Structures are given as structure tokens and as C-alpha cells.
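Quick heads-up: it's one chain on its own, the form predicted on its own, in C-alpha cells.
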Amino acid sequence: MSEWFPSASPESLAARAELLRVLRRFFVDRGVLEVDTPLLSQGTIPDAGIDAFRLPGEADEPDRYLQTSPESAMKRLLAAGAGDIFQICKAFRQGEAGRHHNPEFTLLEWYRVGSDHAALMREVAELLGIVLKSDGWQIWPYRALFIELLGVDPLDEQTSLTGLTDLAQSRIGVLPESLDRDAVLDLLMSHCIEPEISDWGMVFVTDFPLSQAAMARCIPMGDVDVAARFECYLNGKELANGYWEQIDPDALAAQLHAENTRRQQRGLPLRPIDGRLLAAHRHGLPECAGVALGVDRLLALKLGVEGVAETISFGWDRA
């Protein structure tokens, strides 16, 4: 049997150790504090596109969830006055196994107090330039990217779900039934746009639809309001997701409940809203921007390997 054998080579393991040293040095040199937060929590993020692993509580104990990212706990630290912070940790997402996904993976997440998402994009680009020995990057608003590559305006109220579905079927093929608007847009992004930008180098996609705000704030952009968030792509592969954070506790509560409503509409189980996170916001989350970056994907790109399993000591099928 070969299942005992690591999925990463000794050379990949050494490269991983060096990458972790480089990442830590980047933030330590800039005076950013490294923190450590729990992997298991009573609350989780009700993102309709992410499913958490649940650990049922015994007796009177509440259920707990393996963190899909350290976002909630790190924001509680920010509200308590921690200042600029970063963390390199394990995160877990159920049902995400494949060439570019592992249900247990490593995240680098950091927050800059007093920054917005534009400033944070520059720091992401600087970090990736150091790690990948590259320079140059471009910014594309979500709306402009869809218009340029697919000839459709995803933010125009006149662009119907039926029209988007027909476009997706013509480009992708048969789709699952009863997909909502964001699910169709996600398919167009992953199946049509990401392959088109695979030779564009480093690309920041910004100004997402309000329905995809997650925990980002909303800002006006031309004739519409958009989510103040970005995704960073390198060679067509998503590496990072960042927000100009929503600091209004009532607006955040509404966004979290909207995500649970979307989960319900998709036939997914509801997730408890994290009361401790909302309490931290009511105490006062400082103006800040935060981003999560996939370390395994970054290393795969640096090494030029096909899948993230080759960057992990034991991939999902060997863990």
C-alpha cells in the first residue's frame, strides 16, 4: 500500500518551509503582530458558497464548527485593540476536494487598521511580487470584466436571470436546475472568465455585486452600489479575497441574515449567527481592511505543480 506515503516531495516540503519563513518575515518587518485563534468555534460564517464542518455538542454543550477562516476571531481581536495583525493557520471547508482545493488547507489572513481595500491590494501585490519574483498587476471591476469578456452587464437591472442562465448554458452546457443569480454568475466566472484571464498575470477583480458583499461594506460606484471587496487572480487562479470591512453592526447583521436566507433558498442548513462577532462590532471595530490568501495555492503556483496536494504533506486522500 502506498497510502502512507506523503503527497508532497521532500523538495516541496522544503519550499513550503521557506515560503512560511518569507511570509512571516514580510509581516514582522512591517510591525504586524502574529496572532493565534481557535480552530473550533460556536459560531461560523453563513456564507452560502461555503459549508463548514460541524462538531455536534454533547449534553448541554453547543455545536461547534471548524473555522472556514479565522475572520470572526481576528475581528474580535481588532475590536479589542490588537492593531495590525496576521495569522497563518489551518482552515476547513466541507465538500471542497479537487486539484485546486483541499478540505483542510492553510490560510494567510491579515488586517490593516486604517486601510481600505485599495491600499490592501497594493500590499497583496507587493507580497506576491516578493514570493513569486514578479511585478506588474492590473485591476478590473467585476462589471467591466463581464462586459469585456462575455458581453453582458451583471449589474444592470435589465440583465435577467433567464438571460444569464441562457448565456451560461450556451458557454458551459447543461446546468443544475433552480440556480439563483449569484450561482449562475459564479459559474460564468469560474468556467468562462477565469480561463480567459489565465495569461493576464496578476489581476485584481473589484467592486462585486452587493449580493456578494459577504462582510465587506457597500460603496457607490457610478450608477450602482457595489461591495468593497476584491479577489486576486494569478494565471487565472484565485489566490486571495479581501474586504474593506463592514464596521456598522446593524449592516453586518443584515448581511449575515441575508446569507442565511440565501442558504435556505439553496436548500442548505442554516448557520447560527455569531453573536460574539456582532458584540465585538457593537463595541467598535476600527476602520480596517482584511484579506485571506491561500498558502497551498500560492506554493503550487510558485513551484509550477498541477495541484495543491503536491504542496501538502498529506493530501485529502492520504490524510
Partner chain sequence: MIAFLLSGSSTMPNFSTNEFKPGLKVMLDGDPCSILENEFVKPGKGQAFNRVKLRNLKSGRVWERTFKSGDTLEGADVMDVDLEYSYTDGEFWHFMDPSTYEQFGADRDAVGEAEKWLKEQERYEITLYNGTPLAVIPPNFIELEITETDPGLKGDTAQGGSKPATLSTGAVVRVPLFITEGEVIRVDTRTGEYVSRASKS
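Numbering follows the first chain given and starts at 1. Computed from a predicted model, the values in this text were never measured in an experiment.
Beyond what is shown, the protein has a form predicted together with the partner chain; the following relates to that form.
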item	value
Stretch in contact, per heavy atom within 4.5 angstroms of the partner chain in the model of the complex, of 123-131, 244-252, 77-85, 176-184	176-184
Heavy atom within 4.5 Å of the partner chain in the model of the complex - residue from Gly95, Gly151, Gly136, Pro220	Gly95
Sole residue of Ala280, Leu256, Val32, Ile50 within 4.5 Å of the partner chain in the model of the complex, by heavy atom	Ile50
Val113 within 4.5 Å of the partner chain in the model of the complex, heavy atoms	no
Contact label in the model of the complex: Leu155 to the partner chain, heavy atom within 4.5 Å	no
Close approach of Glu194 to the partner chain in the model of the complex, 4.5 Å, heavy atom	yes
Arg99: touches the partner chain in the model of the complex, heavy atom cutoff 4.5 angstroms	yes
